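One chain comes next, on its own, written as structure tokens: the form predicted on its own.
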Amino acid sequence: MSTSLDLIRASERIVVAGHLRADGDSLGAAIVLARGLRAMGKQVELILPDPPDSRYSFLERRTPWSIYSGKGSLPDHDLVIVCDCSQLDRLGAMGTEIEILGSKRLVVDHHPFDRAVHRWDAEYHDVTAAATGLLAVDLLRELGEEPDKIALEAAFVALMTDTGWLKYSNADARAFAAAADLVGRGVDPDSVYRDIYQQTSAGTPRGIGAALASTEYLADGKAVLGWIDGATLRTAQGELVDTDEILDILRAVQSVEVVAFLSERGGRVKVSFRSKTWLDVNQGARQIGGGGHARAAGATFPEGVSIVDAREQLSELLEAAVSAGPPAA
């Protein structure tokens, strides 16, 4: 099997991609690699399967990307590098085309995945890494290329968004050391924080309020399920670009171990999971065709599943998961 370095060195035309609704880690890793590989003289196209969260528009101003426009739109390429995602189906129609084309593909990721199901020609993979963006920096340096200042900022975005600004359980000593190193190399944390978290619309607080009004506590308060549909959001004149704020508020409740929140995206129902100390929400997300980390995961229900149906399914899933109790020491 080719190594990641071998594949990259042998390729001249490279597509770098993130997953659907790319988050800060997926975007940050992709930007690090796209900029670094271009500096090495590679022809690189940074393509996303759909538009990411608008809060990351400041990254696009510095490193433009394009959005996949349908079958036949991928440029000629020798290699596809997918960042922060080890399942091609999480690239939607773009992933389907990559599969059909038989493209050489490399995954750069920190999520666990089943190698018997998801085939890659090479992988740069470490489940202990706090963020895929840090792996992208490491990969680039192994290739002999030092990330430029804009790439370092993107890596900082990846690290900070995936660790909840260094407050989640994946924020280990390596993560803190990496953050300090990136700031020491010129990244301005105050500017990055403002760009991500302090540019919301006036409708966002109303959206959060409407969403919190729907919460339901389960399993003697150990689990909480929340939801909001498009009609309710419109009635409240609210906006809900991201659900992290809601998940953090609900997870802060003393009795709560696990939170699940449902929202509608592009005509389909999405669920985001968070847990506090012991419940592996990645396992729950996988039951719905998603995945992620032990403490943070997500999934999108199949087309045609209503938010009411999803609520019923998740209520049963959460009750069963919490009632099993923490694993034996």
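This is a predicted model, so every value here is computed, not measured. We number the residues from 1 along the sequence you see.
There is also a form predicted in complex with a small molecule; it is not shown, and the following applies to it.
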Practice problem: Assess the spot marked by Arg35, Val82 and Glu146: is the small molecule within 4.5 Å of a heavy atom from every one of these residues in the predicted bound form? | Solution: no
Quiz prompt | Proximity to the small molecule in the predicted bound form (heavy atom, within 4.5 Å), stretch among 86 to 94, 212 to 220, 132 to 140, 196 to 204 | solution = 86 to 94
Quiz item: Should Gly298 be classed as touching the small molecule in the predicted bound form when contacts are defined as heavy atoms within 4.5 Å?
Solution: yes
Quiz item: With a 4.5 Å heavy atom cut-off, would you call Glu239 a contact of the small molecule in the predicted bound form?
Solution: no
Quiz item: Going by a heavy atom distance of 4.5 Å, is Lys104 a contact of the small molecule in the predicted bound form?
Solution: no
Quiz item: Taking heavy atoms and a 4.5 Å cut-off, does Ser263 contact the small molecule in the predicted bound form?
Solution: no
Self-check item: the small molecule: the contacting residue among Asp78, Asp244, Asp229, Asp126 in the predicted bound form [heavy atom, 4.5 Å]
Solution: Asp244
